[in-house]
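Only one chain comes next, encoded as structure tokens, the form predicted on its own.
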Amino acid sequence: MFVVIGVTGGIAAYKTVHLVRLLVKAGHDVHVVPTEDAVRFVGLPTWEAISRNPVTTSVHDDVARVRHVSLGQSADLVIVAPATANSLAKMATGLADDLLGTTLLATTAPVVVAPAMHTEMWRHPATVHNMQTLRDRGVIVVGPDDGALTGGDSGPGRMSEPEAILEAALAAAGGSRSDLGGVRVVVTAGGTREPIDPVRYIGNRSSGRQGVAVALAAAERGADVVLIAAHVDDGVLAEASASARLKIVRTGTAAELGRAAADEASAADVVVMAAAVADYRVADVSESKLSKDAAPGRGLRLDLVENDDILAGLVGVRRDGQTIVGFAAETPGEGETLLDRGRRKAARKGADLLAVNQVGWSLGFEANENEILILTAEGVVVETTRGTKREVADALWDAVLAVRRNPGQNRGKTK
């Protein structure tokens, strides 16, 4: 699609860079039209580099092609993000004193706006009136969200996240992906916690962001999704909680997650085990807080027993037509590679696909980006991908769909 992104003068413009990147990554032809104020927040070189198209703010550039009209005429979709109170007022009254204004008047394409402003401005009667005018004309409004704002304020007015804007915009243009339509999906996310006593536990550093991204990507591509969340912060789950196609089941320990996964997987077409599940649990959990006063200076010893292998258990009862995907966070030892570790685990687990990523003190966990190898049970590398966790999630689903279309195609081969 030919997509025009209007950017107005708000601090949330930095988030629009990611929105442009998502659209370009999805194969769309993206043309950014910032206002003069917008380039005070994000400069023209950034917009050109991300969109891969020339960017200007002036109606006097490229006059021979009548660019101030041709952009709007060519557009299949127009998104304004962030849309400030001033820009929304100009849209409502039809003002066209810059390139964005003329583009909006010249287009017949769907228009999506993502408002961003302080709460008082959003609630002002003039803004309320302007928003109703725009909605009456068919403009699609995404957000704003309720949350932290510039300057320490908090409340309604925060621009929605790029992924939410993208979903609404593609749906408005009839261009949303629906290649998982009718597929029932279970995804696990987060890190389990194994109690030592009522206060302490054995846990890990997983934030759950990658698993939540996998679940959201599936829902946005048409799947009906159950997300089994093990200690995922509410902030990470916020977007998932708002999805009509996604049900969240909360769990704590590995045993609880295993029972939930077994229950939900029985009716699933695809199961993605992205949670970081503890390998061990405490043999005897204390009913009261353990105190060093009971044995001063002697330290503490814990007897650990191995938890059940949830992924292997699901593979063992997998029915015909069901696809099971595992995740493996690895720290390769001396003289071995991530691929070596991944292939050994893929052979041991037997899942249809295994997503392998390297972790460490500063790798993998609690990061916004990720890099994974996707292997078959036979060790075939079917995908290597790096990017935001949402981009990685979409690459994973592309690999899952390829396996489901051509089961057994790569069996017996290695790279």
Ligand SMILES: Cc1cc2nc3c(=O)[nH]c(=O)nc-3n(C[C@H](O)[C@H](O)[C@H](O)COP(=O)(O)O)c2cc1C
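As the structure is a prediction and not an experimental result, all values here were calculated from the model. Numbers for residues come from their place in the sequence shown, where the first is 1. Note that the rigid core is defined as the largest set of C-alphas that superpose within 1.5 Å between two forms.
Missing here is the form predicted in complex with the named molecule; even so, the following discussion is about that form.
key: Partner contact for E371 in the predicted complex: the named molecule, 4.5 angstroms, heavy atom   = No - in the predicted complex, heavy atoms of E371 and the named molecule never come within 4.5 Å of each other.
message = Although the partner isn't part of this model, could you tell me whether M121 comes within 4.5 Å of the named molecule in the predicted complex, counting any heavy atom of the residue?
response = M121: yes, in contact with the named molecule in the predicted complex.
query = Taking 4.5 angstroms as the cut-off for heavy atoms, does S51 touch the named molecule in the predicted complex?
reply = No, S51 is distant from the partner.
query = So in the predicted complex, does any heavy atom of T35 sit within 4.5 Å of the named molecule?
reply = Yes, T35 sits close enough to the named molecule in the predicted complex that at least one of its heavy atoms falls within 4.5 Å.
request  = Consider the chain as shown here, without its partner, and state which of T192, Q210, T188, S87 has a heavy atom within 4.5 Å of the named molecule in the predicted complex.
outcome  = Among T192, Q210, T188, S87, a heavy atom within 4.5 Å of the named molecule in the predicted complex occurs only for S87.
inquiry  = Counting any non-hydrogen atom inside 4.5 Å, which residue from V214, V271, A230, A116 sits next to the named molecule in the predicted complex?
reply    = If I apply the 4.5 Å criterion carefully, the residue I get is A116.
query = Which one, 22 to 30, 383 to 391, 351 to 359, 35 to 43, holds residues whose non-hydrogen atoms are within 4.5 Å of the named molecule in the predicted complex?
reply = Only one stretch passes the 4.5 Å heavy-atom test: 35 to 43.
ask   = What residues of 377 to 404, in sequence order, lie within 4.5 Å of the named molecule in the predicted complex by heavy atom?
value = The stretch does not touch the partner at all.
task = Determine whether the C-alpha of A38 shifts by 2 Å or more between this form and the one not shown once the rigid core is superposed.
result = After core superposition, the C-alpha of A38 moves 2 Å or more between this form and the one not shown.
query = Quick one: once the rigid core is lined up, does A83 have its C-alpha move by 2 Å or more between this form and the one not shown?
reply = Yes, because once the rigid core is superposed, the C-alpha of A83 moves 2 Å or more between this form and the one not shown.
request  = Determine whether the C-alpha of V249 shifts by 2 Å or more between this form and the one not shown once the rigid core is superposed.
outcome  = No, the C-alpha position differs by under 2 Å between this form and the one not shown.
ask   = Which is it in the predicted complex for the CA atoms of K389 and A116, closer or farther than here, knowing they shift by 3 Å or more?
value = It is farther: the C-alpha separation of K389 and A116 rises by at least 3 Å in the predicted complex.
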